[in-house]
Each structure stands twice: as C-alpha cells, then as structure tokens.
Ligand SMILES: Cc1cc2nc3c(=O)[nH]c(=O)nc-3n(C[C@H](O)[C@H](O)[C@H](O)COP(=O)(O)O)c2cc1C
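Given next, in structure tokens, is a single chain: the form predicted alone.
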C-alpha cells in the first residue's frame, strides 16, 4: 500500500531534531557514535568497582553520557552487548509475554494473521468506547508521573482541532531503567499498534516516536517495523480498509535527559532548543506545532493492546489500591539476578529485592533507588512497603520508570549525593534558575566535602535553602526530583551526611 501523505515532514522517515549549530550544541551526542562511549549513569556508578577500567573511561569522557540502557551489566560501554534475564511474576503477562519468549521483531512473529488484531478490534468500536476502556482499566503513566492515562486520552479527544498528534516518548533516560529499550528492540509492533489505537481513539492521524540516540539497535529494529507495517497496510491511508488513516515518523534524539520531559521533547521534535515550558497550557490542549498532542511513554503504550483485547475490567483486576495492573521493574547489576521482571502492583519492595533479585552479589544492601536517581532512596528498614504509587510516595520515594538501583557499603552517601547532583547539573536545560544554578552549587559543595572531609562554612544553611528552592520553584521534575532525593538522604542517611557539615 502506498504511503499516505499526512502532513508535516516525510512521514515514516527518520530525522534528527535539529538543523542549526546553536541547537545542536544543546545535545551530548551530536558528533559522537554511541559505540565510542562509556556509561556514567547511576547504575554504573554504584557498580564501578566491578570494572574499574570501564568506569575510568566513563569518568574521563566529555561530554558525559548518562545511561545506555545496560544497567543489568553495569558498568557498561556502548560496545558491550548482552541481554538481561526476563521473567513474568504476575498472574498475567501484559508487557513481557513475547519478550520473555524470545521477542517478536517481525510482523509474522507478532501476529499470525499478518495484521494488528487488536487495532482491527478497536476499529470496530467507537473511539469513546476505547477511551472508556482505558479509563476503567485504571492504567497510569509508566514514565514517572503516574498520571491517569484515560484522563489524558479524553482530554485530547475533547479538543476540537482538526489536526492532532500522538507521541511515543522513547527517551528513556532515567539511569536504572531499560524496559522501554527491550520493548523497542524485541516487540516494536506492539508499540506501533498501540500508537495507531491511540490515534484512532483521540482523533489523530500522525504519530511520532521520539527515540534516544543511546539505543542504536532499537532504531534499526523500529525502522524495519515501520516499513513492514506500512507495507502490510497497518500504517498509512485507510488502515484495514477503514476510513482511518495513520502513519508514524521516528525522530532520533542526540543525547539529552531533559528531552524525556514532554514539553522539551515537543520542542525538540519541532527543531527548537529543547527547554522545558511552563504549564498550562498542557500538551493535551496545545502541544506539537500548537495542536492537541497525546504523549505517552513506551511501556504505557505497550499496555494498550492487552487492555483493548481483554477489557478494562480485566486489567483493573490486577494490582491493588490505586495502582492497577502490572509494572516492569529493571534490576541493576549488583543484584544476583539482574534483569527485567513484570510484577503486579502490591508486591513488597522486599520481595522484589530478595525473592526476584536474590539480594546483592557484592555486599549487604544499604538502600535502593527506585525510579531513577531523581527520587528518594528506600532504606532496608522500609522494604516491607508495598510497590505502589501512593505507598512509595508516602515514604518519600517514587515508582517512576521502575528502575531498581541497589547500592552497598562501597558507595558512601556523600559520594552518591555528589554523583546525583553532578548528573542533575549536567542535564539541566538551564531554563529555570534553581535548577541551573542550584544543582551546580550543591555539586560543588559536595565536591569540597569529598576533597577536604568537611563542607565550607555556612554550607548546611545554603544546602537547605537550595533544596527548598529546587522543590518549590523548579519548572519540571528534574529540579523537583533532586530536592526529593536530597530530602530522602537527610531523612534516612543523615547520620552519614550531617557530620560533613560540621
């Protein structure tokens, strides 16, 4: 079937999000191949003693590159290859079913009919019924915020604009998380089918996948999947002989953590400097090119075909409390059994750490960072906490993207705080003052502590005010997450940090 001409850009093509040198300078990988890099992410930092030479390469590398999606084999370089352990520990495998059985990279492996069966079912229903199904399911965003997915879909569907967009946020930059990478590499048609279903439900005819450059294999697999889907009439004009037309373009990022934030991501696709924008208006009202835009992350979208096939009630029956369904957790290399595990919400942190991960292979565990470095640390005495959005929030932590970064006694708290704030300072878009200046200042305070054994005079008061400013006045989750991390350290590991300020 010929490709439909559906609007801006060459739909189905791949492009980089910049043309001008002043914009290209914002990114970290504009002139470098990923294979030439070493990872400086948090999972690699806490495991640095497992491969000192690799970590030395990463620590000397400029500009820094945070997270290559290889946390299960950290510390890692771009040249390293490997596949994590993949297991389902839920009553239903929603996300990892095909991946756990070796993957489905081609349309034939994905569907015996050579079509998208769930999309075909969705096209036989009204958009309203599909949105209602997502609302009933209780699905919440898997990218970090945990916002109700059905509410976001409805907000876009209610906009009267004749042109709307759907974006898959595949800029999985939280160090410690790598589920999106393997969905893209081993189950790409699930994402494409979900994008088409979302487009049908909200009234969009154009979709984008914003893919991070740190995942070169995912780029190759995705390009093939888009071409194959179009050739079989699953993308393009009049899909499955219906009145619905929808096509997808891939936009390849060039290395920037902040592009995982939806307003920065949208600016990047538009070819602008990818700085965070104040909200409202939200992208659901005024997003890409000023049009209503639905932005969901990869794991959220990969859940959609299962919900449409089995019903919202079936998904809502999984999980517990206000955290419904399943979530894939990514365990880092310090675990005895690192890898991807699909679990139902309600399982305890202790079960994930010890029953699934097997505890640590290096030393006794000191804590685990869930959802990336920009969230609170969970100390061992709180491991009985159920894995759920509200339950983790109550102890100053977060579900986030689902990455579990455990660390042992070989990583000191001052070292960890310095690493996290160095990451935040490096990845800040610079739009808001607290994040641009505050994160850098905290990094320098911790650097002085590490060099001299104590902080400069007045540093404790400055630390407190800077963390407070980050929490209250930051434009996006980067600054807020840094504050949550700092508060968690003070609350649970103050006995190790406080003496540094005396």
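Residue numbers count along the first chain shown, from 1. What you see is a predicted model, and the numbers here were worked out from it, not measured in a lab.
The following text describes the form predicted together with the named molecule, which does not appear among the structures shown.
By the 4.5 Å heavy atom rule, the three marked residues 169, 296 and 476 all count as contacting the named molecule in the predicted bound form. The listed set 323, 213, 111, 300 contains one residue whose heavy atoms approach the named molecule in the predicted bound form to within 4.5 Å, identified as 300. Residue in contact with the named molecule in the predicted bound form (any heavy atom within 4.5 Å), chosen from 78, 173, 312, 396: 173. In the predicted bound form, residue 182 stays away from the named molecule, with no heavy atom inside 4.5 Å. Though the partner is left out of this view, residue 414 does not reach within 4.5 Å of the named molecule in the predicted bound form, counting heavy atoms only.
Among heavy atoms of residue 152, some come within 4.5 Å of the named molecule in the predicted bound form. Proximity of residue 260 to the named molecule in the predicted bound form: non-hydrogen atoms within 4.5 Å are present.
Only one segment in the set 232-240, 246-254, 144-152, 218-226 has any non-hydrogen atom within 4.5 angstroms of the named molecule in the predicted bound form, and it is 144-152. Taking the named molecule as positioned in the predicted bound form, the only residue of 388-413 that brings a heavy atom within 4.5 Å of it is 401.
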